[in-house]
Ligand code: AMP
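The form predicted alone is given below as one chain in structure tokens.
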């Protein structure tokens, strides 16, 4: 079973304490696809300018990413330039040039409209709602968002939240959206407004999954070296959604497994710039890291 992603396809220039990379593949749709395609075929919808090096997307296509929904528009592609200092949890944006992305109006190819697993990546919630109206009978719809949309498009975002099954956001965004400092209270506030599942990402401190009745926490994988944290959240989402689409199992226990798969993909992507590491890892690498996660959190229950 394939998964549909609608998001940005960009070129990033990134500087970290460990090196720099210029004009490399970036954008939420690229990161999500590179992670999800290890589990299931991916249908990508996005837009690039006439200057985009589409040949660099060939490794994704070869792995099973359907680029039929990638629009080519006349003009400059979306570019982001940022810098991470020793606090790798937050980027300093040096330049953002939206280019053709500023006029993006997603149009799903007919064969994409029957998608059962859908990820609405971080774009204007009005566009996310429009995409949702183009899909017939999805089994699971997840969305992402960011502080800019929470502040500038709050009514539209709240309408979207009422129509999705799952939302993923970081801890700062959860607090901003709900005006609750406590993450448990923030998650409950969101759950009361529609989604069945809330995923709150905490960067190097792991991720929470909240449902109406349960809370699950997965730690971040302890890495010796982190080169570039860009795209970690989208890679997490790709691993998570890819696993659910692959298994077709939406039980709470399988979603817990999906969180671990997502955490594994997020831990891989930060080991290199852009999507480089995600193109290198194998199924056995992923299985080994998931096993490492199990050993990391496994313990014998104390008695008496």
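Residue numbers count along the first chain shown, from 1. Just so it is clear, the model here is predicted, and its values are computed rather than measured.
One more form of this protein exists, namely the form predicted in complex with this ligand; it is left out here, but the text below deals with it.
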### Summary
Among 179-187, 214-222, 110-118, 76-84, the stretch whose residues bring a heavy atom within 4.5 Å of this ligand in the model of the complex is 76-84
## Note on the structure
Residue within 4.5 Å of this ligand in the model of the complex by heavy atom, from 141, 209, 100, 123, is 123
### Summary
Contact with this ligand in the model of the complex, heavy atom within 4.5 Å, among 197, 232, 174, 160 goes to 232
### Query
Quick one: does residue 240 come within 4.5 Å of this ligand in the model of the complex, counting heavy atoms only?
no
### Query
Looking in the model of the complex, any heavy atom of residue 149 within 4.5 Å of this ligand?
yes
### Message
Please determine whether residue 134 contacts this ligand in the model of the complex, using a 4.5 Å cut-off between heavy atoms.
### Response
no
#### Entry: residue 46, heavy atom within 4.5 angstroms of this ligand in the model of the complex
no
### Task
Check each residue of 150-166 against this ligand in the model of the complex and list those with a heavy atom within 4.5 Å, in sequence order.
none
